[in-house]
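We begin with a single chain expressed as structure tokens, specifically the form predicted alone.
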């Protein structure tokens, strides 16, 4: 097979198989079939005279040649997509969809301001929000999202970033809780029954890390995957919940917000890739995100 017959569509399939480590998952992400993905990889194997992917145990791993091709092909694809972007952008008449990867914190604090701005200035711009959990960087690199916002640090090449804000953890209790009228010491906080938000994954809130470093462990009475209905859970109980300050501010008057003995300051950053770095629409949208954060 002539290597000159390889097109960007085939290289995109190769990139997705590498990113997902699975022909099946790559097909699902591409909206294709496993047989179509396998056919494309077979074509690329003949073109590059390399197996590209080999079986290892129960999984599929890339060859050294495959890693080299994926790295170069990724840069080519991103540059090509950037070239295909319109050079001019008019928010009022734009018709496009942008995918933002984030989690509850960003949806509860930043996104409402962003949506109000977009409905006023760019009503034809559709925002698709997906949960990043602990997969945000992978979603961004695979092209499943255009933007990633969260408390993460990405130092690898190929990613661009912008600092958005700083926050820290606070405690929330029922307004009638005896603890509501005095600051919490580290000892009292650790001994009080707690609602711990796990965020549905292996990620640990930084206040728990700070507690462990100080030699303390929470007295866990309840674990939940999201802080969304925390006020209803602690209402009329002796439980204490610990969430970021801006999340607690959105809960309303039913709970009392107290300083946390382990505030564990963290940063929220915005990331994107070379694929959208120079695109006028995305430059404008990144500015809108900064404005939404400023409104906080």
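Note that the structure is predicted; figures quoted are calculated from it, not measured. Positions refer to the first chain, counted from 1. Rigid core here is just the name for the largest C-alpha set that superposes within 1.5 Å across the two forms.
Note that the form predicted in complex with the DNA isn't included here; everything after this is about it.
Picking from 234-242, 252-260, 53-61, 265-273 the stretch near the DNA in the predicted bound form, with a 4.5 Å limit on heavy atoms, gives 53-61. Put simply, residue 36 is close to the DNA in the predicted bound form: some heavy atom of it is within 4.5 Å. The DNA in the predicted bound form is approached by residue 43, whose closest heavy atom lies within 4.5 angstroms of it.
Taking non-hydrogen atoms only, residue 283 never approaches the DNA to within 4.5 angstroms in the predicted bound form. The DNA is not drawn, but in the predicted bound form it has no heavy atom within 4.5 Å of residue 288. If you take 219-235 and check each residue for a heavy atom within 4.5 Å of the DNA in the predicted bound form, you get nothing at all.
In this overlay on the rigid core, residue 26 has a C-alpha that sits 2 Å or more away from its partner position between this form and the one not shown. After superposing the rigid core, the C-alpha of residue 12 moves by 2 Å or more between this form and the one not shown. In the core-superposed comparison between this form and the one not shown, the C-alpha atom of residue 268 has shifted by less than 2 angstroms.
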